[in-house]
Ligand code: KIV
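Take a look at this single chain, the form predicted alone, given in structure tokens.
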């Protein structure tokens, strides 16, 4: 098993993480980034859902197993889907199913004050857990209602408390989603486990994005502010498809080179 030492503050460089849902992409990412996440964001990215609440255990099992079996170097992280860890007993039962079927190194769960008991129970059962705080997408039916957290003193205080409690209970890292710069900095400076940000500034100990967003694979034009496109796959793929269509219409493809004699 790969060493979890990557998830230490003493790790020499910021932690890199990307979310993907296919083994072909995972092969490209493996060893080039520190963590590969099979996230429940596959609900909207792959299945066109309006939120992540419709993501099932079977979806996570199938994508998790397909992706994780090709990863040899990077750490493997898997999301627990909505309503699968409402109680510590259900959380442990479903965590064991995912661990046995997909073989991830860590599981990620969205944390609030109400389910800290679940985090503690999983850790007590020797399961490596990442605590996801800040904006927790599983809480939203309508993603348009998501707003940045940490702008008020009360929100900062509550998020810092949640981060410290996650650390005390044994979380291996904290994922901070859509929090203000000063809140991310405050939390990162006050916990001894790494923070990994998405829309949470450079002051985190690491960063995560969805691979599809990274290469502009999605046709959704309303992307969050934190998304940076490094490559316009959408445009290039469109050009390739148009070229293929043209060659088929002109009977240039398949030529003899691509045929059997």
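Model, not experiment: these values are computed from the prediction. Positions refer to the first chain, counted from 1.
If you look for the form predicted in complex with 3-methyl-2-oxobutanoic acid (KIV), you will not find it shown, but the lines that follow are about it.
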Exercise for review: Tell me, please, which stretch of 203-211, 26-34, 230-238, 65-73 lies within 4.5 angstroms of 3-methyl-2-oxobutanoic acid (KIV) in the predicted bound form when heavy atoms are compared?
Suggested key: 203-211
**Study point:** Option touching 3-methyl-2-oxobutanoic acid (KIV), based on a heavy atom within 4.5 Å in the predicted bound form, out of 175, 129, 179, 111
**Key:** 175
Practice item. Determine whether any heavy atom of residue 41 comes within 4.5 Å of a heavy atom of 3-methyl-2-oxobutanoic acid (KIV) in the predicted bound form, and answer yes or no. Key: yes
Point to revise | in the predicted bound form: members of 64-82 within 4.5 Å of 3-methyl-2-oxobutanoic acid (KIV), any heavy atom | key: 79
